[in-house]
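What follows is a single chain, given as structure tokens, in the form predicted on its own.
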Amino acid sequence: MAERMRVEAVAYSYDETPVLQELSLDLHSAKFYGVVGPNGAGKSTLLKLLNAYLIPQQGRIFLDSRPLGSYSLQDLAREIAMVPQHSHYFPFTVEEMVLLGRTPFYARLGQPSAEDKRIAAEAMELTDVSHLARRLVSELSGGERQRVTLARAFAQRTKILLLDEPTTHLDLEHQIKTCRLLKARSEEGATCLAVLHDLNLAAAFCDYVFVLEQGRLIREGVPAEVFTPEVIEKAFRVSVPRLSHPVTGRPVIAP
């Protein structure tokens, strides 16, 4: 299984406040990774570093064995799609917003091709926003906007997907559908890394989980190794019993 990204002893601080400390991890192809941890653990900062929005103050990040900083912005946009925690919505229609995911691949004239439009239409179909294609994004509900943002990322057709709380604002149906879509993308060979606050979604769908606490990686592994009462109490200060799903056998987290 090919390694796509590697984080080596990365540290980052805002002003004098350390957010990530000596963080090292590896991301491989064909895996759906979850990042969990309490508020302020450094989860969103990790994604911004992986997307080159921030530059490590210490340590190094590699993409396909090349330093992340050696890639141009356009090359990175062809390799990595990002769903941020908070998106900015221009006065565009849904279709126009989703087509922004195709801009790194536009020809010299900077106009979408018929193939770009087909890929955008497929992404809208996957995320259940096709019927909103002509609507302004500003007119949509929070959950609908989130699905548009997901569609834009899927339209990029990258091999790496970084998602910061992708199920925020979504109803239960679309939370599950989104996780299934990410699982399917990973099974097709993509590397998917999602920050998830819902531990049960991470336990049910992720192949591998990283647990952050106060900027440090305190545990990593498959869900059965990570979502134990001991780890959850250490990271979240909450006591839970050891439970498993009656069908899948995966951990279930309940107070």
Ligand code: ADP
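On a predicted model such as this, the values are computed, not experimentally measured, just so you know. Numbers for residues come from their place in the sequence shown, where the first is 1.
The following text describes the form predicted together with the ligand, which does not appear among the structures shown.
Is it true that L132, G142 and R147, all three, sit within 4.5 Å of the ligand in the predicted complex, judged by heavy atoms?
None of them does, since no heavy atom lies within 4.5 Å of the partner.
Have a look at 226-234, 64-72, 36-44, 202-210 and name the one stretch with heavy atoms inside 4.5 Å of the ligand in the predicted complex.
Result of the contact check: 36-44.
With the partner left out of view, is V10 within 4.5 angstroms of the ligand in the predicted complex by any non-hydrogen atom?
No.
Within a 4.5 Å heavy atom cut-off, is V19 in contact with the ligand in the predicted complex?
So V19 counts as contacting the ligand.
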